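Here you get one chain, nothing else, as structure tokens; it is the form predicted alone.
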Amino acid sequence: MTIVSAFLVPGSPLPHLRPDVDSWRQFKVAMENVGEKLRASKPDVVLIYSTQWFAVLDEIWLTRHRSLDVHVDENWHEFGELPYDIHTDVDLANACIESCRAAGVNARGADYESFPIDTGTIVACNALKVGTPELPVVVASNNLYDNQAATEKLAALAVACISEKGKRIAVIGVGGLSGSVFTTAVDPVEDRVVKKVEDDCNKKILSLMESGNIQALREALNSYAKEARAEMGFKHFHWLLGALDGHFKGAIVHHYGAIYGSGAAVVEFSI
């Protein structure tokens, strides 16, 4: 099989900027653990979709061979910096762009110094130790006009394109679960999913992932996205579904919890 591993990870920087908070540190540890599993699956490239890289006019792909800089998150700047050094498989990224265009999807590359790479992509690359010269990435943007179905098609297109090159792929969807957050300052040690109904929805959708019951999972996704106010309509999970051709055997939830009121999880899919 071309895809050798698949993961859902949160894009929040808090577990990595504030590992002194035990509940947040557990996310960091879980991401480091699945990073080991990802690398053990021996992919040639890592295909990443982050909800935080917004695009509007076109589907944008990162086409800079090496992106080296220091990032400050726009929401949590007071907690510090996120240095990054991300290596892209430019040939594969350009092939994905051409495949998009052939399918009628407007697409272009981003290749210039200090391009503002989003927090989620940086967090995933740093925590999972991907985007290295030995294990480069192909990164797709989140076009805000794309719905869930369009996102699945984009992922499938990218996998087909990379597969044609004979490459083994690890695929990552970067984003959270429920979307509500605390609107006033909260002590991090008191963090929790801010709304019980969203906590319940998160646990239900994670249980369906674990079960591998794709039909039941698909039937629940629309209501989950609405009731849990899922981040970006849960498009990062639809990215994984599209990449996996709508099939996986089950999932392992390595960690579930709250990040400043919102729900998040580190999930490994059994393929």
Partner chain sequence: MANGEIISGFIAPHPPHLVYGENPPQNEPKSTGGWEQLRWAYERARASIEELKPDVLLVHSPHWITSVGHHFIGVDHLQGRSVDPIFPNLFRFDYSINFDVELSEACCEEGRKAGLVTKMMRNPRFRPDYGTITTLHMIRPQWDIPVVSISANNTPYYLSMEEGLGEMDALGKATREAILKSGKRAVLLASNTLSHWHFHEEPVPPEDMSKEHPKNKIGYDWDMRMIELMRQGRMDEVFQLLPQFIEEAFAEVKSGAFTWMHAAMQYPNLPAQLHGYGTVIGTGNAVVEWNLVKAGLARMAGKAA
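Residue numbers count along the first chain shown, from 1. Not measured: the values here are computed from a predicted model.
Note that the form predicted in complex with its partner chain isn't included here; everything after this is about it.
Contact with its partner chain in the model of the complex holds for none of V34, I97 and Y256, as no heavy atom of theirs lies within 4.5 Å. In terms of contact with its partner chain in the model of the complex, the residue from V181, V90, A156, A150 that brings a heavy atom within 4.5 Å is V181. When you look in the model of the complex, the only residue of A55, V29, L206, L221 with a non-hydrogen atom within 4.5 Å of its partner chain is A55. Only one segment in the set 211-219, 57-65, 238-246, 40-48 has residues whose heavy atoms sit within 4.5 Å of its partner chain in the model of the complex; it is 57-65. When contacts are judged by a 4.5 Å heavy atom cut-off, K196 does not count as touching its partner chain in the model of the complex. Interface residue remark: V72 is counted as part of the site for its partner chain in the model of the complex, having a heavy atom within 4.5 Å. Using a 4.5 Å cutoff between non-hydrogen atoms, R108 counts as a contact of its partner chain in the model of the complex. Proximity of E81 to its partner chain in the model of the complex: non-hydrogen atoms within 4.5 Å are present.
Contact annotation for 88-116: residues with any non-hydrogen atom within 4.5 angstroms of its partner chain in the model of the complex are N106, R108, Y112, E113, S114, F115, P116, listed in sequence order.
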